[in-house]
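A single chain, nothing else alongside it, follows as structure tokens in the form predicted on its own.
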Amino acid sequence: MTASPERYSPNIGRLRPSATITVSTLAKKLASEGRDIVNLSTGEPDFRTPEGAAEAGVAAIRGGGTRYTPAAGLPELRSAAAAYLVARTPYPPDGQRVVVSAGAKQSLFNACFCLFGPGDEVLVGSPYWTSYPEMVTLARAEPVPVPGAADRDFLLTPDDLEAASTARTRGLIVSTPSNPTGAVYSEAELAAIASWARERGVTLICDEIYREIHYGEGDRAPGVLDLDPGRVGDLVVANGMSKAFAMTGWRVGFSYTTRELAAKMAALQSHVSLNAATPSQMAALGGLRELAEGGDAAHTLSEMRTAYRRRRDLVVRLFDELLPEYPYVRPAGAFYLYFSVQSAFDDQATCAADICTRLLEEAGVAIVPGEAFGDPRFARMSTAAADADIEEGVRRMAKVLAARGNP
């Protein structure tokens, strides 16, 4: 039996599936059917979870650590996450400001659902991670994409925000390092955005899940918690274990905000999912402790940074050599290449979705169309893959795209 459309709640009336997951699922399905597919769509580290984190999770299971925890997470994990997030910043390592969730995605959703509602507008830096507008919509607020200039790698300025804001603007969502572009805000750029938000009473939600994957000076990318708290207003920082600790499937994220908002987010979570899986929380605690002590997690993170930088350099070199008609954002962090596909447009392919379909059908390469990120002129490929797969994927793409880029 199929329910008629009018029986579904208006809460999900505008909801769309995650485009990145959709592409990855299709690529895996084709591969399972025997197709030779190079899957460069997924934003998932191809490294093993650090041994200390994995062992802590296994020990929790074997030792009976499988019962409920407080909704906001294990107190010791909240404290460890706070210390991790505010290390070398002027903010306090206060565990009561942290809520542990089932992934950073839930952390971001908690923030949107607690802060925004009908009649509110939320500015979303564009291109954006595919779930940001959907989260705002689920809160029954209105997402307002704000495009940055291409010659600034799509990073926003206060002028961009001022032009898009109205009396209804209540929030701003940005990510740094950015998914999908890999662009990174400098501390000065973050300070300018934070000051703008503070002056207008706008809550700044900053997604820093890729902060440790940074190719500039210092291991970490600049973050909003590096700023003088006096220049920052209402703030939520989202981070987690997925990217820097190669723990995507463990589903542990966390947010840092005020004690008051953290309590509201924990109360919401208590009715939605309660706590992140207890063994996963123990694994996260093991990973954070190991990182702080310079153990295997620290070595794994260093190894990942080295590999991702090498892969970034590889894909940039290949594009410069094989696809010079396809401009890209040079990644300063994360593990993606965001590039224009406009040179391949023709009568049959007029948007990125058409080009990505062509690449999957003709080259056996899966990448994500820019429609998922708010811009149908671009596409995103992941460099969280083996060097050989990246090279093979770009060379296959070049056979399809190069001729169309040079009429």
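Since this is a predicted model, take the numbers as computed values, not measurements. Heads up: residue numbers just count along the shown sequence, starting at 1.
Form predicted in complex with pyridoxal-5'-phosphate: not shown, discussed below.
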Can you tell me whether Val136 touches pyridoxal-5'-phosphate? I mean in the predicted complex, with a 4.5 angstroms heavy atom cut-off. no
Using heavy atoms and a 4.5 Å limit, would one call Asn179 a contact residue for pyridoxal-5'-phosphate in the predicted complex? yes
Any of the heavy atoms of Cys112 lying within 4.5 Å of pyridoxal-5'-phosphate in the predicted complex? no
Could you tell me if Ala72 has a non-hydrogen atom within 4.5 Å of pyridoxal-5'-phosphate in the predicted complex? no
Looking at 203-211, 222-230, 91-99, 293-301, which one sits within 4.5 Å of pyridoxal-5'-phosphate in the predicted complex if you count heavy atoms only? 203-211
Heavy atom within 4.5 Å of pyridoxal-5'-phosphate in the predicted complex: which of Lys105, Lys264, Arg170, Arg198 fits that? Just give me the one. Lys105
In the predicted complex, the residue from Tyr308, Tyr185, Tyr132, Phe245 with a non-hydrogen atom within 4.5 Å of pyridoxal-5'-phosphate is Tyr132
Three residues, Gly43, Arg251 and Tyr336; all within 4.5 Å of pyridoxal-5'-phosphate in the predicted complex via heavy atoms? yes
In the predicted complex, residues of 302-321 near pyridoxal-5'-phosphate [heavy atom within 4.5 Å]: none
